[in-house]
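Starting off, we have a lone chain in the form predicted alone, written out as structure tokens.
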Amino acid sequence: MAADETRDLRAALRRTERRRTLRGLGLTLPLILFTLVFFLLPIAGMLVKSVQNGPMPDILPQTSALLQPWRASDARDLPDEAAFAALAGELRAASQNRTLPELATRLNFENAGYRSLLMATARRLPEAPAGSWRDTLVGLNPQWGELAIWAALGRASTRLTDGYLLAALDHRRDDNDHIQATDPNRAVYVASLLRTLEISAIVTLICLVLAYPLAYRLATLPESTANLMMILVLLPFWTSLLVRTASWLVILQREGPINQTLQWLGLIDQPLELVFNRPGVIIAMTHVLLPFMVLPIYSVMKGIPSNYMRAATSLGAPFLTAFRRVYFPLSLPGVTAGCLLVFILAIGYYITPLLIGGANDQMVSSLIAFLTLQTLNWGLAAALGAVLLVITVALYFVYTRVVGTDGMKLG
């Protein structure tokens, strides 16, 4: 009898635990689906786009199949007559099917003249060659006798490519399929990436210098006063980012309040240039991101018992020594979490540098927007996004190795 009661009790416990698990899954399922659909899937799509080569294998399948072994052989001569003949026939079919512009746009990323070459050749193709298709195509345009155009077609003939990722790092493959640095006059992406990291690091450092004493003061004030000051810290969140950026544009201009006040105090003779340059970008970004530094540090400091400092000072340690040896190490999880959060947010900034910065202050996000909206080079834009993603993941990995996930407190 006792054994039967024990089995029944265990079965009831299992049912209760199963219901609790299903209830918990039901509560978290909407968040899981939201994260999957609006976060993980777009990131996966971006990563796929950064290595997806383009439409040539579908638009010119026979030509692509013939060029792949030619490219793999590291040939330094033009492909054989079969490749010329396949290209001529498929160019005519693609022109009739109206799929050629898509391919021409893809090849135009390799060289600005390839689109006009393909479109003009397709319009002028005869029904039959005058001798060989090689002589016919070269007669229509001498570029078909150059190795560069066939090398570009060969690079576009595969389903996957590393070309976009190489371009994002200012490298490319030459006509012999060897990796080499981009022409310095056209190498802009690494410089933009370094500029982004530099601005983000400066903004993070300034936010830390401003936020740490503020968070310390908030943590040591009475509850009512601290809550009132916290409202002032969170006040920027209640204003649109675009409005805040436009406000800084007015405040920092030559006739703005800052320059007028400095001139009235006699500190300057001429207005300072604070907009459309690096200082304006740093000032505006610091104002926007400062709360993201204050909140993690404050949350950690709030959990540090006040008697730790009193114990250290009662044992004879000066205040600065007690702060350095006791309080500051305990607040490091908040410092590192705040720096990580601010830096990651800063490297993706777009509106503030666009409105307040000059031509030499635009960050990677501006290039991504330009490639996506203006040139329609989504592959290169996705590659730049993938580089930023790698940097973000690397920073998070370093953070977890140094602090650990148990020390992460964001507020």
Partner chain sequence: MGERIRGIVLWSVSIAVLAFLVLPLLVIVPISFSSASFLSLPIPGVSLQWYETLLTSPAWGRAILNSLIVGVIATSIAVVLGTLAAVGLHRSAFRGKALLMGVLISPMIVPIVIVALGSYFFYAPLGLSSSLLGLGLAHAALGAPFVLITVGATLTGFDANLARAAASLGAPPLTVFRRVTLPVIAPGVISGALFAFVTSFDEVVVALFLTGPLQRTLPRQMFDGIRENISPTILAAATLLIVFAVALLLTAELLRRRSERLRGIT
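By rigid core we mean the largest C-alpha set that fits within 1.5 Å across both forms. Numbering follows the first chain given and starts at 1. Please read these numbers as outputs of a predicted model, since none were measured by experiment.
Omitted from view is the form predicted in complex with the partner chain, to which the following refers.
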{"property": "Contact label in the predicted bound form: residue 51 to the partner chain, heavy atom within 4.5 Å", "result": "no"}
{"property": "4.5 Å heavy atom contact, residue 65 and the partner chain in the predicted bound form", "result": "no"}
{"property": "Interface membership of residue 40, the partner chain in the predicted bound form, 4.5 Å heavy atom rule", "result": "yes"}
{"property": "Residue 205 within 4.5 Å of the partner chain in the predicted bound form, heavy atoms", "result": "no"}
{"property": "Contact residue in the predicted bound form, from 305, 142, 257, 316 (heavy atom within 4.5 Å of the partner chain)", "result": "257"}
{"property": "Among the candidates 160, 194, 130, 232, the residue which, in the predicted bound form, approaches the partner chain to within 4.5 Å (heavy atoms)", "result": "232"}
{"property": "Interface stretch in the predicted bound form with the partner chain - options 171 to 179, 150 to 158, 100 to 108, 243 to 251, non-hydrogen atom within 4.5 Å", "result": "243 to 251"}
{"property": "Heavy atom contacts to the partner chain in the predicted bound form at 4.5 Å, residues of 272 to 302 in sequence order", "result": "283, 286, 287, 290, 291"}
{"property": "Threshold 2 Å Cα movement between this form and the one not shown for residue 27, core superposed", "result": "yes"}
{"property": "Rigid core fit then residue 84 CA moved by 2 Å or more between this form and the one not shown", "result": "no"}
{"property": "Per-residue C-alpha change between this form and the one not shown, residue 322, threshold 2 Å, rigid core fit", "result": "yes"}
